[in-house]
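Have a look below at one chain only, the form predicted on its own, in structure tokens format.
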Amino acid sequence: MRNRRDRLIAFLMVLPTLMLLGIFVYFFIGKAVYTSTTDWGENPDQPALAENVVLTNVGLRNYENLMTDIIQANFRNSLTNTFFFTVFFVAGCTILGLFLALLLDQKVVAEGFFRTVFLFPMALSFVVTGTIWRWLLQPSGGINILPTLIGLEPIQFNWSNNQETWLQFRWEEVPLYLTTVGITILTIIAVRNVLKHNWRSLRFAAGAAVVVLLVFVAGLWNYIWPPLDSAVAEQAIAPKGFNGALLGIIIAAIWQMSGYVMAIFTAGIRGIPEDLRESARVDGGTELDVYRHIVLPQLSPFVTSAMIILGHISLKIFDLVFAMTGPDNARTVVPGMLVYTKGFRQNSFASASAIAVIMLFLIAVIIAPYLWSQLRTSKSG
């Protein structure tokens, strides 16, 4: 049993770390939240860089403007880009990383060499990766002229400035999509709990699904997701959807991070006892059965961890986009880019802080459930 003296010593040992975290992390997060509720840089009568600028609290007006004002349409476009980038980036890295890990698990010759080759792109910064792929994706060179080496016509695709938009949707339809996705996820969770006879979690999932449905039916989304000031004008300016200019950025990001995912999966595969595989083979299972029933189920925690890390990276993406397409390309804008342009170019510190807080919230939505589940697992273990 630990006595009071041991607890005091332990507290004093971690106190410097707690103080540094409190000052350089949580204090500045609080400062950003406070700034996002002021008119700093938004009021023309109060220049942002004036010596004695007076800040006025405006509540949530900056957030409301970001979600509804036609002038802030670029922010909503950045959220759309972030969504599609996250989906394809996470899926691409996970699938390619798993494929590479399974290849290395075949005891190939010079495995260490290939593992180093696959992992090497991760050693580069996103700025270097962006510069390399910007050269490779030049419209009149790089990848586009590869077919000419075998006598074919060059590829006619403008990677960084492509004007095509796929999977278009209206901004007002987002609550419907969120409700559908939420109910679908909760239904899957409920079905899994039924199969496991976990009735307590089943009641929780069913109750959450009913709440989500009632929020949509009762029209409460109008308070959570405020309608646009001018929906017609917004759709005319920039249709929401998957911008073709994001393809090159997604390819470059997958190229860099798939090796990292491969390393995670390789570690997971090597941690599976060989006795389990041998037992499956002795029982008549094929190699496909071994991977399907032994290897892949054992990799489930590693898949979750990899997806959480990749999702965290995708929501904060900035340097890769900056290096490949610059800060002024509306087709590839992301929230991190707007924090830079609004905060350091336009001196709109309040709007920049509001965007940063929204980014923090999105990251917390991904990270918090994962940390909660991990803490529950560690306590139960």
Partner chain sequence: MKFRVTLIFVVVMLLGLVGTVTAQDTEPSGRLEIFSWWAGDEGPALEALIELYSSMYPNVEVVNATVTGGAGVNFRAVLKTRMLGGNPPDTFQVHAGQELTGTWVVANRMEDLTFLYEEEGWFDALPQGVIDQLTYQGGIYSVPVNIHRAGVLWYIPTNLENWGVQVPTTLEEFYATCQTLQGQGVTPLVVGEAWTLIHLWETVALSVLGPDNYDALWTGGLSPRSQEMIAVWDEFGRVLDCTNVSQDAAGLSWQQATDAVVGGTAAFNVMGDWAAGYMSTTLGLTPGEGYGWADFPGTEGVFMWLSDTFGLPVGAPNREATLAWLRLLGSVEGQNAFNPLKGSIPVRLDAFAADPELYNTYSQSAAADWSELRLVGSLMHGVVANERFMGDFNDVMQIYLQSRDSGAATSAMEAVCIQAGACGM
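Residue numbers count along the first chain shown, from 1. A quick note: this is a predicted structure, and the numbers were derived from the prediction, not measured.
Below, we refer to the form predicted together with its partner chain, which is not included among the displayed structures.
- Taken together, the three residues Asn193, Asn198 and His312 lack any non-hydrogen atom within 4.5 angstroms of its partner chain in the predicted complex.
- Residue Asn74 is the only one of Thr179, Asn74, Ser279, Ser305 with a heavy atom lying within 4.5 Å of its partner chain in the predicted complex.
- In the predicted complex, its partner chain lies farther than 4.5 Å from every heavy atom of Tyr26.
- Looking at Leu60, you'd find every heavy atom of it more than 4.5 angstroms from its partner chain in the predicted complex.
- When its partner chain is considered in the predicted complex, Gly41 lines it closely, a heavy atom lying within 4.5 Å.
- Under a 4.5 angstroms non-hydrogen atom cutoff, its partner chain in the predicted complex has Asn329 among its neighbouring residues.
- Stretch-level contact check against its partner chain in the predicted complex with heavy atoms at 4.5 Å: of 117-125, 153-161, 293-301, 184-192, the positive one is 153-161.
- Taking a 4.5 Å heavy atom cutoff to its partner chain in the predicted complex, none of the residues in 103-133 make contact.
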